[in-house]
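The chain below stands alone and is given in structure tokens; this is the form predicted alone.
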């Protein structure tokens, strides 16, 4: 114990022999740790926001369709929402909430313009809880019931159609007999979604009203589920997909496959960034300790001549590296915590609004620190930093006393 305290005391004292050099390498470690944690928090926040936007943007965690619906989204590819299989899925304890929809491609006509959209016939009470629409109506109101004869459209679509609240528009789609079905609707609400493409693409009508328009009796196009925990998505999909082969039970990553690609890309980017930061720190630690070893060559030779074993010199120099790593990690983590707390609810990246919309992301990116990311950053710096410090320590322990003492 006394030997360890002596070596610790020597290591700490020697660390501050050249304060400027030690402070420079400590600053490099602190900034390296800060960069790793803050960058990971930003990228994790991007992933978190992307997933949240996707869930809110009508996708949910799990979707149920007729087995042929995604290949051919017509009214004929619908299913019975009251079947035993559907009831079992919607009443599963892992399901937080769900909403049923009639979802069809349609054409909307105003007095001045015509464009293609997706018509969503919804149950307003359920839909307002599971998607963005419940908190996005900025003019007028949302639908009162499934039999409401009004329509809610996006602000961007209203601008494109050159129409406004209270005006009438016409929807045209294909009915159950493969004939053109059309109906006039009065605009009772205008919503402002996080993404302009959503505003242009979707209109909301009552589910019963949509069913009457296309001659659909009792069937629906899709059910969207929101679960208590995203970790439950894969097990639920795996279990439920085997219950009935006439329906498809799909996770959000299957419905929006680009999400999985984006997550993999960001994980790879974080790995590359970690590698770059570590290499910069590794060279700094090696350089600092090798300079310290070179300056104290005669000192190490004298210690060995007085009977100190090489392994004690190795441990002393290595302990200097460990102490630098510990101090750097503590300061780096503290600085990272302050930086993340200072961002509050996130940072505004509206200057890149166009690019963000292309990947279905909103303009506010939160910083999200996960325990795994924090541990990976700290363990990576600690373990690899200590391994890096072994080389200068090994060089110091290999000095020959006679040569070291006489070296100028």
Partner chain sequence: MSHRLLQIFSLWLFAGLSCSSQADNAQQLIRQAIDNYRGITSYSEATMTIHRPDWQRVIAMKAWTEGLDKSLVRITAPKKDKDSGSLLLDDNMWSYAPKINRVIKIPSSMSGQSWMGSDFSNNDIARADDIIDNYTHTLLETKNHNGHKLFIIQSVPHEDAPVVWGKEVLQIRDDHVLLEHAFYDQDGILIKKLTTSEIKTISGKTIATTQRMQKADKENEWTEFHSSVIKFNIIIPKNTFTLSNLRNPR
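Note that the coordinates shown come from a computational prediction; the quantities given were computed from them, not determined experimentally. Numbering follows the first chain given and starts at 1.
Below, we refer to the form predicted in complex with its partner chain, which is not included among the displayed structures.
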To test your reading of this chain, name the stretch in 219-227, 181-189, 122-130, 85-93 whose heavy atoms come within 4.5 Å of its partner chain in the predicted bound form. 181-189
Is residue 234 a contact residue for its partner chain in the predicted bound form, using a 4.5 Å heavy atom cut-off? no
If you check in the predicted bound form, is residue 141 within 4.5 Å of its partner chain, heavy atoms only? no
With the cut-off set at 4.5 Å between non-hydrogen atoms, does residue 135 touch its partner chain in the predicted bound form? no
Please check if residue 111 has a heavy atom lying within 4.5 Å of any heavy atom of its partner chain in the predicted bound form. yes
The one option of 335, 243, 97, 172 with any heavy atom within 4.5 Å of its partner chain in the predicted bound form is 172
